[in-house]
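This document opens with one chain alone, in structure tokens, the form predicted alone.
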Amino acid sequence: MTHPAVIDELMTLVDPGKVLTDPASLEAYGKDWTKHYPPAPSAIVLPKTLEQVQAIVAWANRHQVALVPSGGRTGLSAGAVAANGEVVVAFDYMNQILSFNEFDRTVVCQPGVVTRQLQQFAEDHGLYYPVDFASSGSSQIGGNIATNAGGIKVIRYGMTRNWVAGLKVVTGKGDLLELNKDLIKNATGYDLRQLFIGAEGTLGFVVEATMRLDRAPRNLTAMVLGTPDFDSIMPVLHAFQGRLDLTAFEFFSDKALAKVMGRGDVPPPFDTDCPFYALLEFEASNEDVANDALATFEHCVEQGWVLDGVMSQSETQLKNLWKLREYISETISHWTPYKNDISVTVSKVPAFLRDIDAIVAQHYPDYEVVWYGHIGDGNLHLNILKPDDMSKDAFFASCARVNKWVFEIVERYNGSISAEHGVGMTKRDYLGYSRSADEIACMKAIKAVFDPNGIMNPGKIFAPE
């Protein structure tokens, strides 16, 4: 733990009352949504300016104190967990939208701006920020950039990195770098901006981000389709992509739907029971588009790929259909799920899911498994639910044993062990299944350039040596 005198010095670098050491604050700020590691930070510091961030990093280098960035703490890989006496740098008070350029469609944000705040700002100006996911009401832009957050619109709009025009970062050395300067075209060597996107705070802290906005979509419309088996979902995706520009294509299992229905606050999409469901979204900008969607639905029914379906007819119905998918993660959290966030190229998804499902069924026949994910971009979420009569530690230890087999399948399919949740601590021991030894060596060398003293979020992405 950091010496009290060193913490006293930290207090002189920020506004009064912005260094917290009480047990409740240490508990709250020292963790994210993962439950694998108990939080144990030395202190929480809440800067309000980029100059204060630089001062904190300089202080940490002088005293060899490890720093952990903290945003909305909605991460699922323990990337924002302080489990070893680190000082947490929380960006809650750097939460302002600093400027808006209507011609360039860009917004300059501090890292603590909440994702929903940016979405609402865009909407108020007749524009659209498309990166969206269930935790958008509490996640922060800095954290989204640190993990290259994806979500439900990737099939159309891509990941967070597609929307970052420029960054100001404070490196692990304490240098302030302005990266890309918001340019669309910039062919002047290495794009260091992209290194910091997805780096999980291991190279430095984002202190400002210029985010791009898009035109607002017109008359978004959703369909939920029930399929007789998982293999039918892929030809449904292919059929709709051939006729429509989809903004989303999600899937979930009957078990996932049952958990959401058990909440009692969302109506079922239709009466037919189906083992799998697809949720797709598109812009019904005119009647011809809606007719194309209905014609494609009828074709899928004729082919036996779809058993039943519904298309939203109002904004309320659109939101209710989306709740069927968006409420899954929150609903199953009651069962303390063991999560895997994995991906392959879209064409490999059916065989990939079958192989993993077989492994899990073989080794955990008594555990309930819930599948859902962003199938339009090849991202599957495997959730194993904890039995009520089993301790959390015993359950996680049991599930960790299957990781080797699951990730061997990921490696065989040239997939990723973490599609959008980052590596953090929960996936760091498995990085070699997705990255070669040479790649990992290059990544460590890059970290050494920006963070020579190893103070920036140590133990994340790479296992301690």
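Source: prediction; values computed, not measured. For every residue, the number given is its place in the sequence shown, counted from 1.
Below, we refer to the form predicted in complex with a small molecule, which is not included among the displayed structures.
- A single residue from the set 136, 148, 171, 329 has any heavy atom within 4.5 angstroms of the small molecule in the model of the complex; that residue is 329.
- For the residues 339, 153, 259, 386, the 4.5 Å heavy atom test against the small molecule in the model of the complex is passed only by 339.
- Residues placing heavy atoms within 4.5 Å of the small molecule in the model of the complex fall in a single listed stretch, namely 367-375, out of 109-117, 386-394, 232-240, 367-375.
- Taking the partner from the other structure, the small molecule in the model of the complex has no heavy atom within 4.5 Å of any heavy atom of residue 32.
- The small molecule is not drawn, but in the model of the complex it has no heavy atom within 4.5 Å of residue 427.
- When contacts are judged by a 4.5 Å heavy atom cut-off, residue 223 does not count as touching the small molecule in the model of the complex.
- At the 4.5 Å threshold, heavy atoms of residue 76 reach the small molecule in the model of the complex.
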